[in-house]
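Only one chain is given next, in structure tokens, and it is the form predicted on its own.
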Amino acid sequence: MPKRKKRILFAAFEAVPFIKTGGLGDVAGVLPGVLNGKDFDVRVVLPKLSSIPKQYTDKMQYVASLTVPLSWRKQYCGIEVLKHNGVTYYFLDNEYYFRRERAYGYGDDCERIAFFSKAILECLQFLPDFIPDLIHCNDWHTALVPVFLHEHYGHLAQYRGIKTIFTIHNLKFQGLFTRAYLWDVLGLGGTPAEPQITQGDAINLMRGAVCYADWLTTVSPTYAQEICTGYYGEQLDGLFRSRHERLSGILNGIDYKEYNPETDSMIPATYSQADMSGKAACKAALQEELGLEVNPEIPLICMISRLTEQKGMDLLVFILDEFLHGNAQVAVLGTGDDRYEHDMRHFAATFPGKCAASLRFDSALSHRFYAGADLLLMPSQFEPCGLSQMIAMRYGTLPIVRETGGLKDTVIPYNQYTGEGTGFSFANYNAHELLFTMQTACRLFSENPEAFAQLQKQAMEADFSWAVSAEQYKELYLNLLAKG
């Protein structure tokens, strides 16, 4: 008799191609499909947001409708199902909560999130032939699932053996709300969860998951260590230290089909490790498109990022004037804080032909940046994982990063004595360390092109596919389920 597959329910508030607001959407849209297969039956549960494209909602099939208890409320929930790229997706429908223009950012977000978490658990009674062995929750939007499972469903036989994993994609956003929600919406007042989920005069949804989940992960090994410290822990470092034996970091991967310089239809010329001539053509085309001097001998540094302090913009604007007086070009793509957008407009106007600012979100242009640049800048204050540095290496564009989180785990700093490395890095959050590292990278480009080309080859050989990450998740699932 064949062995039964382990059943995994992947819970998230967003997933490509249905909806994406950040990196979580990429993970939830790709990882379940990589995990699904011989050993695991992985399914995904999402809210049926009104922004999901009609091409998908038209194909959804009705499964069941139910009533979800939310403290004193009883709310309607519909379950619809859609199979996409071999993965089963369940969509939980309630127009009052989910028929909104945006995914988040509303005054009743706590109630919306609580409903979604409660509905995930309630709907398990209505899914034909699928009671999960494990629920994999992601970020604060599903942080209440482990709490509700333990406090409201633990007495029911069909729920008793379900394990939970909680993955932190961004610790900055924890789901902080007024304490009044504890009784009125969550129905957790007076339960053992109250002290676990309370933080001062507020409730903290992520804190609840950190206390209740059977295992905690974050999206890089270094970040898993960093959040146990006061500097990175966002006031939860004590909790992470107390649970460090059940905390691990697994790097995110990137989509090797979408980001492939050999087949990318969004770039002017394709290329490979064996023939990099197409990259030179991409650089020339990007320089021309951005109004920069078209010159293959000038190093071009690009930044594809939100323009915020977390991404190191305060460091960059502090040293950019000095840097641009040298022989280099800088191009920035992204939107963010008004002051940094203003700064980048200023530098672009002050250094025409040497600095360009594309202050917008443009996916196709980002591909041209990755392919056309020589170097990619990521001087982040903190970075749980980061994807841009991995994508850049895929295109033979060498990252310049600060040694934090996933940046430290993915970029091997250049060693001038051994030739080892896949990029350049600096340790301290310091503007002049950034400046010196940028200058070092540009000198290598100009003075030792053979060494620079070898680094490009080594960067392109690095494996950041989802297959590597998926194997680690599979091992974690099996180890946790084996504990019974």
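Just count from 1 along the sequence shown to find any residue number. From a predicted model like this one, the values you see are computed outputs, not experimental measurements.
A second form of this protein, the form predicted together with adenosine-5'-diphosphate, is not displayed here; the remarks below concern that form.
Stretch-level contact check against adenosine-5'-diphosphate in the model of the complex with heavy atoms at 4.5 Å: of 330-338, 158-166, 137-145, 209-217, the positive one is 330-338. Taking non-hydrogen atoms only, S305 approaches adenosine-5'-diphosphate to within 4.5 angstroms in the model of the complex. adenosine-5'-diphosphate is not shown here, and in the model of the complex it never comes within 4.5 Å of any heavy atom of N85.
Contact check for M378: a non-hydrogen atom falls within 4.5 Å of adenosine-5'-diphosphate in the model of the complex. Using a 4.5 Å cutoff between non-hydrogen atoms, F361 counts as a contact of adenosine-5'-diphosphate in the model of the complex. For the three residues D264, Y395 and T422, a heavy atom within 4.5 Å of adenosine-5'-diphosphate turns up in the model of the complex in no case.
Of the residues given (Y90, F347, Y259, F240), Y259 alone sits with a heavy atom within 4.5 Å of adenosine-5'-diphosphate in the model of the complex. Exactly one listed residue, out of Q174, T222, S366, Q287, brings a non-hydrogen atom to within 4.5 Å of adenosine-5'-diphosphate in the model of the complex: S366.
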